[in-house]
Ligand SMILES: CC(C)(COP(=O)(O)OP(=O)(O)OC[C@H]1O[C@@H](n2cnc3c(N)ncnc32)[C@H](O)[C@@H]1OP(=O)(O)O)[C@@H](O)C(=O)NCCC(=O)NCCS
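Have a look below at one chain only, the form predicted on its own, in structure tokens format.
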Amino acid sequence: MTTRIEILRPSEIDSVMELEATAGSYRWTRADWQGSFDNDQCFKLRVGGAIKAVAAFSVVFDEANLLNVAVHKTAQRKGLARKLLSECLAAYAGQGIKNCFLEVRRSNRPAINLYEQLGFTCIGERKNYYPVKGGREDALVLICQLQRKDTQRESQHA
């Protein structure tokens, strides 16, 4: 099946909410997504005709912040988040975005592994950032320095 990455439209909110309901314990609400449709850049990865992964980024000047990524339960562990994020990061690099930041739950080892494979490194933590049942959980703050492909080639030849 072919995969395509496209802009996620507000009219697809019901599909996004269905995906979020399967994605894991901690998910965005309809209001969270509505806010991102109004203020951020949202993307989807389709497999065939179905939306299997979504991501939301905020972009300010030359920095991006990954706000959320979710993959349908039946499509997890198949490289779809990696494909979606790597293509988004490459596109941002091509637009002159220099860095992408994110926060991730300290306990979310699969996500941390993915982000590290994509070139993110930990630069700090936010204590008690995320709500959890019975309390709060720390977040790790990660950064990925984005490079344009033409800049990468130039530095390799220097």
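The first residue of the shown sequence is 1; numbering continues from there. Small disclaimer: the values here were computed from a predicted structure and weren't measured.
From this point on, the text means the form predicted in complex with the ligand, which you will not see here.
Participant: Counting any heavy atom within 4.5 Å as contact, can you tell me which stretch out of 55-63, 35-43, 22-30, 91-99 lines the ligand in the model of the complex?
Facilitator: Heavy-atom contact with the partner occurs in 22-30.
Participant: Indicate whether the candidate residues 6, 16 and 47 are all in contact with the ligand in the model of the complex, with contact defined as any heavy atom within 4.5 Å.
Facilitator: No, the candidate spot makes no contact with the ligand.
Participant: Please tell me which of 107, 121, 113, 128 lies within 4.5 Å of the ligand in the model of the complex, judged by heavy atoms.
Facilitator: Only one option qualifies, and that one is 113.
Participant: Residue 76 near the ligand in the model of the complex, any heavy atom under 4.5 Å?
Facilitator: So residue 76 counts as contacting the ligand.
Participant: Even though the chain is shown alone, can you say which residues of 47-69 have a heavy atom within 4.5 Å of the ligand in the model of the complex?
Facilitator: Read in sequence order, the lone residue that approaches the ligand (within 4.5 Å, in the model of the complex) is 69.
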